[in-house]
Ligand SMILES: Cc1cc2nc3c(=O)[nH]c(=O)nc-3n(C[C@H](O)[C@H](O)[C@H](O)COP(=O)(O)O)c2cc1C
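Below, in structure tokens: the form predicted alone, a single chain.
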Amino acid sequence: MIHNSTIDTQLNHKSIRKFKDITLNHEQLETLYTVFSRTATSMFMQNASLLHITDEAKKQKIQELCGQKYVGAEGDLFIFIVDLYRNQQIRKQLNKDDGRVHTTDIFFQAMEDTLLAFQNVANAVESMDLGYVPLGTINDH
């Protein structure tokens, strides 16, 4: 098996649900935002958006909605969104809204773009010796 720092980091991944109560600094955040924005995207549509939740009241509300007290309890909370709305609004402004954004194919491409962006950010997080946990519970709300 080939070993290098990237592969070793991936192979050493562990699922963690309790983190230190620290927040990311400006340089770390800027790095993650850049990694997110430079992820490959299908058809150049950039159908993914990233929310960084910092407001404690909003974090608390998200915890309540998810029914999991550890969601956003420590550290930073990011929500990766399949975002077809933005492109629909752009198409409307250009008078080109033909409904194309609402096809199953476009939705699946957007979902794939969002998953790729998540994985790129996750790899960046681990490369900085930080932890993360993907949570699907927010999908239900």
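It should be emphasised that the depicted structure is a prediction, and the values quoted were computed from it without experimental measurement. In case it trips you up, residue 1 is the first one in the sequence shown, and so on.
Not pictured, yet referred to below: the form predicted together with this ligand.
The closest heavy atom approach of S15 to this ligand in the model of the complex falls within 4.5 Å.
Proximity of A124 to this ligand in the model of the complex: non-hydrogen atoms within 4.5 Å are absent; the residue sits far from the partner. In the model of the complex, no heavy atom of Q46 sits within 4.5 Å of this ligand.
Using a 4.5 angstroms limit between non-hydrogen atoms, V133 touches this ligand in the model of the complex.
Checking Q60, Q68, S37, T41 for any heavy atom within 4.5 Å of this ligand in the model of the complex turns up a single hit: Q68. This chain is displayed without this ligand, yet in the model of the complex the stretch 68 to 76 from 49 to 57, 104 to 112, 25 to 33, 68 to 76 comes within 4.5 Å of it by heavy atoms.
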